[in-house]
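Presented below, as structure tokens, is a lone chain in the form predicted alone.
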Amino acid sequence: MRTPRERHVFAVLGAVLLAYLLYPFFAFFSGTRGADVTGDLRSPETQEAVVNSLVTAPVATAIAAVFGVPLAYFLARAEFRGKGVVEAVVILPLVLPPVVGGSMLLMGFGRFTTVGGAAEAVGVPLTDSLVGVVLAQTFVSAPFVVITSRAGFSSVDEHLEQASRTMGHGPVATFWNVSLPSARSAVAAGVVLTFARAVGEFGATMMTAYNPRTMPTRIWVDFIAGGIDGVVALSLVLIVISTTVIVAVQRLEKVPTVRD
């Protein structure tokens, strides 16, 4: 058993990384005190970017949750040939550079593709539109809800589900009444993380929908035009959202599950 003195080694090593992570925040806030945050937040371009992000990110999160949670449950309970391939496909958007993901979306949904052309013909462009933003956000953020929810479902005691089935409940009823409530903290955390990833998505969105602007793309435009001081306002908005997400996830982790 390690003594408290020996544990200090781990604390010191961890403190080095913690200091590195904190330093950019300190440098950012101390070096941008002259920025006109209030004025920038009042600008129509900034407000439009905030609205676009807060409209599209919930839609992308809802799409990811509606289809991702069932997939997570299926992966947690089923064994089948090719399961590793399915899991790899789910994880792949997390490890791909976002610009590569955006290029792939353009190849699949661009206006000169079969799918994109058909959508354009009926007045629903899949790129350079809010729909394009949702496509990009969903592609890069959906893995979070699948991976987190799967971990939650895997921790649910299968005997509870079997008991539900022996009482005459079908698979869907068992999922709604037993599995989902038991894994609700993990599922909710996955949904929150998905929203955070969607609202902060930049690379794929730049490729598929540079216009209309979202907060990340607006930050890039403002940086090109005005340097660091020009991005302070929207950066603060995203920091507030990210902090809120962290607090929400921490509280969700403390919510007792049905099996508790």
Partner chain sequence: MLEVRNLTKKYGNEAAVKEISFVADEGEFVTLLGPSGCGKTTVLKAVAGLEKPDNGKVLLRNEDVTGTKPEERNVGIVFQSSSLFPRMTVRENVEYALKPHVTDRGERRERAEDVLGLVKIAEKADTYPDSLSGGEARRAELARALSYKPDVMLLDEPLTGLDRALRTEIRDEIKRIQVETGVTMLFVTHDQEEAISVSDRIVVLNDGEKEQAGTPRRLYRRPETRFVAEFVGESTRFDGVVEEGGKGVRLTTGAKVGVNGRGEGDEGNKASVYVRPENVELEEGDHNNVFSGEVVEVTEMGSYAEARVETERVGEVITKVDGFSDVREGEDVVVGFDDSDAIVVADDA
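Just so we're clear, the structure is a prediction, and the values are computed from it rather than from any experiment. Residue numbers count along the first chain shown, from 1.
Form predicted in complex with its partner chain: not shown, discussed below.
Not displayed here, its partner chain is approached by Ala163 to within 4.5 Å at the level of heavy atoms in the predicted complex. Using a 4.5 angstroms limit between non-hydrogen atoms, Val134 is distant from its partner chain in the predicted complex.
Under a 4.5 angstroms non-hydrogen atom cutoff, its partner chain in the predicted complex has Asn177 among its neighbouring residues. Using a 4.5 angstroms limit between non-hydrogen atoms, Met107 is distant from its partner chain in the predicted complex. Contact with its partner chain in the predicted complex, defined as a heavy atom within 4.5 Å, is made by none of Thr217, Ile224 and Ala233. Here the chain stands by itself, but in the predicted complex one stretch of 184-192, 108-116, 122-130, 90-98, 184-192, has heavy atoms within 4.5 Å of its partner chain.
Along 199-235, a non-hydrogen atom within 4.5 Å of its partner chain in the predicted complex is carried by no residue at all.
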